[in-house]
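Have a look below at one chain only, the form predicted alone, in structure tokens format.
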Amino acid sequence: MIQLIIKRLAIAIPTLIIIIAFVFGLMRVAPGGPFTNERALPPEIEQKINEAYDLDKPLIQQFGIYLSKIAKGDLGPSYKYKDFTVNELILSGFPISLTLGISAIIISLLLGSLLGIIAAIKRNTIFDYAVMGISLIGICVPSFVLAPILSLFFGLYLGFLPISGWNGGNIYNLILPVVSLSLPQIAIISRMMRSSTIETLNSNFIRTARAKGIPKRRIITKHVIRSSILPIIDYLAPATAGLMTGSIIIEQIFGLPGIGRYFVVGALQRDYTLVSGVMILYASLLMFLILLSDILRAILDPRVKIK
């Protein structure tokens, strides 16, 4: 297990540095700058500002300074949110995005897996056709289309749920954004789980278990689910990271103060450090979740050796 973690870290650290370099260069190539506005600043003031933020130095030197700060856990000051560092902005917004993402992925995993397993067991029945048909619609309709529809129907027409705001994490304010995020994932996971379960049910070791007279319920709970869940584990790593940090549009639609809002504002206003900080967070989170999925796969799948 220790060797597995060391190998993954040996790959992750250089990959993260490459991502940081790519984002750093991409933001500098984009036209304009963090202090560019309609009314040009006097040259001497602009020079002083650039000196204060090390923007007057060559790009290679700027990148070296930035890497040295990241190594110390300092993502730098925000160029647009005055008196705030990127660390402070991320710490204020990430818990909200984390709450949305974790809630959505738990609901997606539970409902999607359950529907997929039942659809596979009841293959070619009305239930199977209904689940697959609805899941296809769920895949085709993205979250940013689903969110306004849910807000319009449940928020404005029926008045059951609030359509915007965080309200300290009130559960009623979470329902619509979490449902908007989770429905497409439920559709994807249910289809993946159905295919994986059907493949497992047709495998030789399941036939052997049936021939030994093992009860069907025990076969499904002890053998089928454990084998069928493996592809879902591989999918959950990028899906979870995407839900937690990529719910940018959902946060904008429902007026939630997550990191998605900061990413949008930072990209539009060329806030180099803020955009880079969010991307570093996303990349680090994705790598951690991939490592976690590898460990879970090694534990659940006896064919994978843990060294």
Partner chain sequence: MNIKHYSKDDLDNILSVKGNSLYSDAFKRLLKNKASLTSLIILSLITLLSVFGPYFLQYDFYETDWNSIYLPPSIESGHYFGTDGNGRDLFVRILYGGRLSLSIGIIATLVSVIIGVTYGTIAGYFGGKLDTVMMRIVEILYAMPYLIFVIILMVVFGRNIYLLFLAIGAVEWLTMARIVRGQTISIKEKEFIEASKSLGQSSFLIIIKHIIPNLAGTIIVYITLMVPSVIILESFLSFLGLGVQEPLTSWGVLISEGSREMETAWWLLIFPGLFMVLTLASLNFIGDGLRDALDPKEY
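If you're wondering where the values come from, they're calculated on a predicted model, not measured in any experiment. Numbering follows the first chain given and starts at 1.
Although it is not shown, the form predicted together with its partner chain is what the next lines describe.
Student: Does the trio Phe22, Cys140 and Phe144 actually contact its partner chain in the model of the complex, every residue with a heavy atom within 4.5 Å?
Tutor: Every residue of the candidate spot has a heavy atom within 4.5 Å of its partner chain in the model of the complex.
Student: Though its partner chain is not shown, can you say which of Asn173, Ser103, Ser151, Thr85 has a heavy atom within 4.5 Å of it in the model of the complex?
Tutor: Spelling it out, the residue with a heavy atom inside the cut-off is Ser151.
Student: Using a 4.5 Å heavy atom cut-off, state whether Leu114 contacts its partner chain in the model of the complex.
Tutor: No.
Student: Considering non-hydrogen atoms and a 4.5 Å limit, does its partner chain approach Leu296 in the model of the complex?
Tutor: Heavy-atom contact with its partner chain at 4.5 Å: absent for Leu296.
Student: Is Tyr66 a contact residue for its partner chain in the model of the complex, using a 4.5 Å heavy atom cut-off?
Tutor: Result no; Tyr66 lies far from its partner chain in the model of the complex.
Student: Under a 4.5 Å heavy atom criterion, is Leu136 part of the interface with its partner chain in the model of the complex?
Tutor: Contact check for Leu136: yes, within 4.5 Å of its partner chain in the model of the complex.
Student: Check each residue of 262-284 against its partner chain in the model of the complex and list those with a heavy atom within 4.5 Å, in sequence order.
Tutor: Going through 262-284 in order - heavy atoms within 4.5 Å of its partner chain in the model of the complex - the hits are Phe263, Val264, Ala267, Leu268, Arg270, Tyr272, Val275, Met279, Tyr282, Ala283.
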